Structure formats: structure tokens, C-alpha cells
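Listed next as C-alpha cells: two forms of one protein chain, kept apart as structure 1 and structure 2.
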Structure 1
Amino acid sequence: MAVKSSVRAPRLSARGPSRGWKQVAANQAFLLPAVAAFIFMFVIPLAQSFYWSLTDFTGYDPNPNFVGLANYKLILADKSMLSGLAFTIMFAVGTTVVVTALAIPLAVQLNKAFWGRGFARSLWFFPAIPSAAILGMVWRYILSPLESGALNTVLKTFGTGPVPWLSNSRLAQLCVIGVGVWCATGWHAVLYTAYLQSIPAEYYEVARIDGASSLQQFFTITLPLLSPAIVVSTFLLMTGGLKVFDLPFTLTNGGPGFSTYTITHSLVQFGVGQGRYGISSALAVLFTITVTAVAFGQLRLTRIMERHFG
């Protein structure tokens, strides 16, 4: 006669896998607010902008007429918009290259121990504190092309005639980029300084023992280990440069002519100023595509730098 064992074998229950799925679902539920915010604040407005870009929407008529790609053709034929696109790219690329070239050596100097280092860091960081619109008004007075302009008044004492800083197209573009560089260099130098402080001092001590010069230490130790900071800094500079509005608007108001126009300036003018929301929406779609391309380019650059310096 078989004896039944009192010890029961563990029963496989379907509740185990269900608990796993419930845990995953509970974890994913925390992402719902972020996903909802992304959909309502980016996806839906972008879809509406794309729809309006295909119409003659003015902001008042609830039933705009469908015009197809006419708004896009108008943008590509409008000199002011093309000028705004060209200067926006020029400003973004110019400020990114120059600020990076200046901020890294400045950060290396600010990271050294010297008397008044804290004050020097604060002094360089100060241009990033006021609003860019306010700084644009200040520099508009300094760079005034009139003889009464602050800089021209100083040049007059040396016997130099007034320079058309903001009345010459090329000079105006260089002035806007120069002021943008002046505003951003100190902030990004402080960013690089924070990364420099995380580099172990032993690396430099070993390099000095091996006889490496300061320049060799910079290119073999400092610059490779700053690659994450460079990626972050250039990404912020490029995205900030592409959406710049307040500095050129208060400094030159887009002039002379359309030489310092920006994409955001055109968006405000055609959308808010003239009520041509169809054209403004088409420009916003093109702007979004440009920023997306830049973002993917930055990600590509990040991978290249990680492979090269990793």
C-alpha cells in the first residue's frame, strides 16, 4: 500500500509571472506623466503647426483654406527668411567655435591656485547673469555708429573717425556674434572648471615626472578628459544659438536690412506681428527639423569622441 507523503511539492502558480508583469506595469506607470507632458506639449503642438503650415491660417478664421506647400515655397523665396536662416546658423556655429576655443584655456587658468581666484571667476561669470535683452541694449549704446557712441567717443580721442559698428551689415553680424561670445564665455569656462576639478592631480604629477611640458599635458590629459564637458557645452551653445532672439533683437533689431535677422525673429514677426500663422507655422516646422538634425549631429559627435578618447 502506497503511503502518501505529507510534504507537498511546490505548486507552480500563475500568480508568479503575473506579479512580475504587475511590477513592470507599476514601474512604467511612473513614466505616464512624462509621456503625457511630451504628447500634450510637443507632439500635439507640432502636429497642429504642421497642419497650419499647409493652410492660410490667420489665427481668426476657424476654417482656413488648404494651400499645400505654398507657405514653404514662399519661405524659400523670401530674402528676409533666408537671411534669418543664414545668420542664425552663422551665429550658432560662430559662438560655439569661438566660445569653446576661449572657454577651455580660460578654465585651465581659473582652475589654478592664485590670489583672488574666486573674484576672477565671479568676474568672468557676471556677463551670464543679466538678461541678454538688457545686455543687448547696453551694447547698442556702446557700439552705436554715431560719433556719440561710447566706443566711437573713445576712438575719437585717438584721432580715429566713427566706425559704423551697427550700420554696416558685416560689422553688425560680427558685433552680434562678438557680444554673444562675451556673454557666454565666462559661463562655459565655469562649466569646464567644474570638470577640471574632477581630474586627479596624480595624472599631472606623473606627466611632469616623465618630462611632459604644459602643452603636452593639456593635449594628452586635460583635453581628452574634458570630452564630456565639451559635448555638453557645444550642445548648449548650438541649441541656444539656433533659438536666439533677445540679443539680436535689442542690439540691432535685425538690421541693417535683414543682415542680423534670426529664425525666431521671423517667427514672431510673421506670426504675432502680421497674423500670418500659416507661414509662421511652416517656418517653425523647418526650424524644428533643423534643430533635430543638429541634435542628431551632436549625438554622433558624442559617440565619435567616446570612441576616440574612451
Structure 2
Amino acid sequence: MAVKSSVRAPRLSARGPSRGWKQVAANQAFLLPAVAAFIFMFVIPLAQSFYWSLTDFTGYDPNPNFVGLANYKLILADKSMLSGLAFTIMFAVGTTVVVTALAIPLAVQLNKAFWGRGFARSLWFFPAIPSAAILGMVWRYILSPLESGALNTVLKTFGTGPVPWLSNSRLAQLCVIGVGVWCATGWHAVLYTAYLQSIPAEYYEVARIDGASSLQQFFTITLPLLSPAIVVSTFLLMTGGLKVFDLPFTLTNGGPGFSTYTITHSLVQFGVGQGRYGISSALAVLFTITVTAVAFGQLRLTRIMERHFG
């Protein structure tokens, strides 16, 4: 019976609960590995993090003392954590703004026909492929503040320098953000190009007949129609920026001082480095709340965008 009706209306019968319990059990068994991965990789560790954040757990004592919100207070008073927080936000906002400002015009240009376009696109895109950690190490040599650093050697031929790229706090922060922009701009331009290609060419033709300049076309057609892409791209940059670790770790190792320290750097340092799991967990809890809030904010924004432009 079930077979017969399934031939006629496959979707309904397949989704209905009317099949025998054996088949249901066989079906549900396919979920077990994913459920196990979910429990062991997310549910348990998140619960542990939250619990430890309220204790003075050091990793050995099975019965740590409950300390309330002391760890959270400690975080908000610790110099390294505060500068880690400050630089992480600075990096996230900085790369988001600069990459977006560069990637959209770049995408518009890369979308035009010109000789060598494939080559240009590949070169821009490539820095997104290798590990950011390795690229950070490469840039560490290029931006070496010594006179023999690659960039300083170039500057010398122009009669200036040496510039203390990575040894000055403010400059080091700008360098980390600059390298982050170098890594991400090309790939976000490719993302925008995918959306650009879905804008009908007639829109531009009509605008041109009406005498709109290319700048006017950009602001009245391209930019508004790219807004869903802007939401996706800026969201990725923001969450990616908040999670940043590899690049500053290998480029500056958080220095000079704590000027390019990141939240993740503190988290690893306190947790794995010093075994102060309480503090590290409190930081992880705050971090999780922030990233989740940004993620759901983005989700809402996408829904609003869809209502307006969909």
C-alpha cells in the first residue's frame, strides 16, 4: 500500500510518518553520527565553557570553586585582554570598511571586458587561497622594520626610510589591517562580481539613453542592486575579523606590547598557555555571545533586504 501510493505521490508518502518502524529506525540511524558530532563538538564543550567561566578551574582539580562573575570582572580589568578586544574590533571594522570600499569598484572594473582580465582576477584572488598564517610570516619579512627589510630597501632607493613598520604600535596595527585587506579584497571582489553578473544589462542601457553618467549609473543602479551582496560580504568580513588570530599571531605576535593582540590570542594564552581555564572560558562565553549576536543581526538584515529587493 505504501509503495503504491508512493509511486503516485512520492513526496507526501516519503515524508509521512506512516512507514513501518523498521524503516523509520533505519532512516533515523543515518542521523546518529551527526547528532554525536553535534553533542561532542558543540553541546558538551559549550556547557563546559559556561560552567568553567563561573569557577576557578585549572584543568586538574575535579571540584573547582564557584567564583560567580569574578572571571568576567577580571577580563574587564586585564590590560592584555582589553587591548586584545580593542584591536580585534579595530581589525574587524577596519578590514570590513576598507575591503568593501575597494572590492566594489574593483569588481565593477573586473566585470568589464579588457585584455588580461583572467590574469588580473587570478592575481587579486590568489591571496585568499593560502593559509593566512603563512602569508603573515611572508609579510613579516617584507615589513621588517630593519633597514634590510624588503619594503625599507625599496624606500631607500627613493631616498626615504627606514620606516619602523612593525616596531611602532600604531604602524603595526595599520600593517596588520593592511595585510588583512590584501588577503581579502580580491576574493570579496569575486563575490561582488557574481552578483554584478545578475544585474540585467537593459538597466544600464535605459540609464544611458536617459543621459546618466557612469558615476550616476553606479550610484543609482549598481550600488542599490548590490546591497544583498554587501550584506553577505560585510557579514563575512565582520565575523571573520572578530575571529582573527593567525595573521596577527604570525605577523607581529601580538606586539609591540599588546598593540596587535587579539581576543583569540588571549583565549589561547590563558587557556592552553597558563591553564587558567576559568578566565579563558569566560572570554569564550563573551566571544560566543558577540559572534552569535552579529550572526543573527546579519540574518535579520538579510530578511529585511529580501523584503525590499526580492
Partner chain sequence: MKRPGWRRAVLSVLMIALALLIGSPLYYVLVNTFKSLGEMTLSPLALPSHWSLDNYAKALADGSMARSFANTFYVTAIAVVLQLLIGSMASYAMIMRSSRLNRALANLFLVGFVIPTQSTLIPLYLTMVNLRVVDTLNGLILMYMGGSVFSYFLIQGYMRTLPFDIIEAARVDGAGSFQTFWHIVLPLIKPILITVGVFQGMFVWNDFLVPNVMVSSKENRTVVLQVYAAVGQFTTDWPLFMTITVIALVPMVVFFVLMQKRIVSGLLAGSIKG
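Throughout, residue numbering runs from 1 along the sequence of structure 1. Given the structure is predicted, the values throughout are model-derived calculations rather than measurements. In this text, the rigid core denotes the largest set of C-alpha atoms whose superposition between the two forms falls within 1.5 Å.
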property	result
Structure corresponding to the form predicted alone	1
Residue shift check between structures 1 and 2, rigid core fit, Val268 Cα at least 2 Å	no
Post core alignment: Asn63 C-alpha displaced by 2 Å or more between structures 1 and 2	no
Asn253: Cα shift of 2 Å or greater between structures 1 and 2 (core-aligned)	no
Between structures 1 and 2, C-alpha offset at Pro45 (rigid core aligned, Å)	2.7
Between structures 1 and 2, C-alpha offset at Ala26 (rigid core aligned, Å)	13.4
